[in-house]
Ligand SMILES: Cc1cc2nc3c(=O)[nH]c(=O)nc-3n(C[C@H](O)[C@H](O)[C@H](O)COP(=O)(O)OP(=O)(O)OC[C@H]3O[C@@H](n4cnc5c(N)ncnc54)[C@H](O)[C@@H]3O)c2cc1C
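Encoded as structure tokens, the following chain is the form predicted alone, with no partner shown.
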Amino acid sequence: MTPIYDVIVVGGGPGGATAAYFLGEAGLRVLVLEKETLPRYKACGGGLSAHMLKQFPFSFDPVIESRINAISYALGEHTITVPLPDRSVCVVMRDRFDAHILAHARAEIQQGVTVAKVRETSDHVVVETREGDVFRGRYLIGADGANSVVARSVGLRRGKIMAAAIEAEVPLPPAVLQRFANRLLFIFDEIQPGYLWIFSKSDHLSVGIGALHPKPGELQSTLKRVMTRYGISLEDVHFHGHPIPIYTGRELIASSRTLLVGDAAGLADPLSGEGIRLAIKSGRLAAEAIIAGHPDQYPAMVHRQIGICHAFGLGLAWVFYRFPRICLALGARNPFTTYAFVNLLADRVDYPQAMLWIFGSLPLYLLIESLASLVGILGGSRRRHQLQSAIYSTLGVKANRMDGFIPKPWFVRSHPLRR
């Protein structure tokens, strides 16, 4: 008879691989079932915080594509760029990244195995594959994406909400790549509600677009139109579509023996759609709940550490996409906004704390800019920039003591990233 595993993990992405890693470190017998053969391509911008990776006791340097030194926000005729002097944000390719975590997991890994059905009994779960194999485990972790077979089989996340995204990996001439080197660019007000992105990777650009309830063909046409403005041709480039799940807290993400993580649980960031951070976080929470012998507490753990934060994130997303110009004028130019979101990406703060920092710093930011404008009128733009640099650098030293991030002055360019 087939042996019974302590935990079966379906899906070898960041959530499943993280769960497998920490379960294996605790001495549990773990089986990972992955329908593809790793490394396999996965549509994903690949941006994440280097701080998130420090919870693993091994280096990710071999799979980091680039380290980001600036984040840019584009809307209309203006681009606002905020430097990241500590390069705390990095970009990865998911094929190598996922395989890297899984390679360190003390788990049995079977690839090219497609799960067809899951059923639960009183004391274990049974996983049946299309290949005719049957596996049994005490617990099951569903990490098989937004359209999770595991979730459907056991009746979880029936009321899920999805956004849509498409992405392409684009090889370009060195001159074009250099304009975007070591940079994340977010482009707003081209599709509602949603945004486009251009992420720099080692030898190409990752470009994409995501939106809630787009019209048929709207994503493709908008992406091509906007990328053309930036000198990026998408002719003969293959698009990869993928759903972005939205967690509202109303959907069940666990049963008596099955726990959903990452996109399977709907845990993409409600404002940005970013999913790697929350896949890793939920994967570890699921592992910790099982190791502690209290898997029933997993939904409460997710709600407490992720769900409440999501509620605030959904509120902020509503405000941002309804009033993008006001939010970017008052927010993106404020270096403390990028400070807040970098720390959110690092999981140092949650949305309530980030929002408190953003709105709380607004009076200080407006005061600094008013003083700088006055100095500019009296002494010219050079004096204005000197004052901005001096004040923000001083504040940056204080922020550096607290969180390791030094805000720097913002500056506005008229589409320097366009050709």
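The first residue of the sequence shown is number 1, and the count goes up from there. Keep in mind that this is a model prediction, so the values were computed, not measured.
Separately, the form predicted together with the ligand exists; it is not shown, and the next lines address it.
Scanning L252, V176, L75, V149 against the ligand in the predicted bound form with a 4.5 Å heavy atom cut-off leaves one residue, V149. The listed set G313, G273, G137, P295 contains one residue whose heavy atoms approach the ligand in the predicted bound form to within 4.5 Å, identified as G273. The stretch from 321 to 329, 300 to 308, 111 to 119, 218 to 226 that comes within 4.5 Å of the ligand in the predicted bound form, counting heavy atoms only, is 111 to 119. In the predicted bound form, at least one heavy atom of V10 sits within 4.5 Å of a heavy atom of the ligand.
Contact annotation: I80 falls outside 4.5 Å of the ligand in the predicted bound form, judged by heavy atom distances. Heavy atoms of E65 never reach within 4.5 Å of the ligand in the predicted bound form, leaving it off the interface. Residue contact with the ligand in the predicted bound form: F199 places a heavy atom within 4.5 Å of it. Not one of V30, A107 and V125 comes within 4.5 Å of the ligand in the predicted bound form, counting any heavy atom. If you take 32 to 52 and check each residue for a heavy atom within 4.5 Å of the ligand in the predicted bound form, you get L33, E34, K35, E36, R40, K42, A43, C44, G45, G46, G47, in sequence order.
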